[in-house]
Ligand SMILES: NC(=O)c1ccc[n+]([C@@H]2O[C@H](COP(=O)([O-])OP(=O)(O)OC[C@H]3O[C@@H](n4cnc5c(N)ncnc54)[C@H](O)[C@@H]3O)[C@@H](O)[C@H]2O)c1
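Shown below, as structure tokens, is a lone chain in the form predicted alone; questions about how it binds or moves come after it.
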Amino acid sequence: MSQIGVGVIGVGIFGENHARLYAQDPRTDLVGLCDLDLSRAESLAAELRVPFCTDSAGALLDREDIQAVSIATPDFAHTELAMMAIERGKHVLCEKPLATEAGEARRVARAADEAGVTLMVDFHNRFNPPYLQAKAQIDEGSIGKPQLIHMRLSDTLYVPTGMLSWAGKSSVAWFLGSHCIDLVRWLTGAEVVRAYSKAGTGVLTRRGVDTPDFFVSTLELSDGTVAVVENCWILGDSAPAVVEFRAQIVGSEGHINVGVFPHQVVTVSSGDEHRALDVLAVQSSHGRLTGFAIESIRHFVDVLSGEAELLVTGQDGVEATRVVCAIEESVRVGSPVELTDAWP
């Protein structure tokens, strides 16, 4: 089988992982990189020996030797790039969220369906070993029917104030909450039908980042399950890890506790510096990229190669966007919001 020509749009914090996987996988030919910061793209292209580099998404997408693209731009900058790619007949792996408006998410998903191209949203926690184990236990009936899910995914202040230059144009609900919403849907197999959320502000705005500090959301699902989702962007920077992720799934006959602290398995201390190394999400094993955040990208290649059925669809992206929009609306109006406009 001939190699699949691929390109990556956005080679920042996470887009670099896409590029490295494509450069390494024998089934793909990494043809081009695109980033508004051209020097960043050129530096990575030189390292990975990528022949084409540009700051124009259109120039990359117009290449006939590219059949698929990863879109790894900021949260708010996915929709139009995905539409441009789909209109040119490219398969798309889009970082979450698919869009930050429900109508826009539907537009992308419908366009992909009509064009007959693969659209995958990179909800990589579906490949996260602890959650794979939890899903298997639920499906086996080990805890009976899920009744209550309490999930917390939060970051330290460093993420919105240091890591992300664009945090003020997004929120922790989009950046982290969308992961939790997708996990809740996937674990239960049910849809969110009602959302009630409260948000807090002040800490980040005082630091010049105009976005909420946290969201606490109660989600009612179509099968009767209730999920409480907490997402916070103001954990102290002295925390042992940048990310805190935990969940409890209570069923009619038992419960599951999930504590995902990949950054705390290996820590390095030297002088005043204390670093936690990630050993679950992205890791190099004797030169081969591994980890659940890599496996989701590899799954996209598996699908395009005809070796797997798509596990995360455009519809999954639409549903996550719908729920985050309902959360934001609930905060705005101060009351629960019904999700009645089901897709398609």
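Keep in mind the model is a prediction, meaning the values are calculated, not measured. Numbering starts at 1 and runs along the sequence shown.
Below, we turn to the form predicted in complex with this ligand, even though it does not appear here.
Quick one: of 83, 132, 258, 163, which gets a non-hydrogen atom within 4.5 angstroms of this ligand in the predicted bound form? Only one listed residue qualifies here, and that residue is 163.
Looking at 128, 231, 197, 73, which is the one with a non-hydrogen atom within 4.5 Å of this ligand in the predicted bound form? That would be 73.
Is the gap between residue 95 and this ligand in the predicted bound form 4.5 Å or less for some heavy atom pair? Yes, residue 95 lies within 4.5 Å of this ligand in the predicted bound form.
Though only this chain appears here, would residue 34 touch this ligand in the predicted bound form if you measure heavy atom gaps against 4.5 Å? Yes.
Exercise: residue 175 in contact with this ligand in the predicted bound form, heavy atom 4.5 Å: Residue 175: yes, in contact with this ligand in the predicted bound form.
4.5 Å heavy atom contact, residue 9 and this ligand in the predicted bound form: Taking the distances in the predicted bound form, the answer for residue 9 is yes, it comes within 4.5 Å of this ligand.
In the predicted bound form, which of 299-307, 37-45, 59-67, 315-323 comes within 4.5 Å of this ligand (heavy atoms)? One stretch meets the cut-off, namely 37-45.
Across 114-145, which residues bring a heavy atom to within 4.5 Å of this ligand in the predicted bound form? Residue within 4.5 Å: 124 only.
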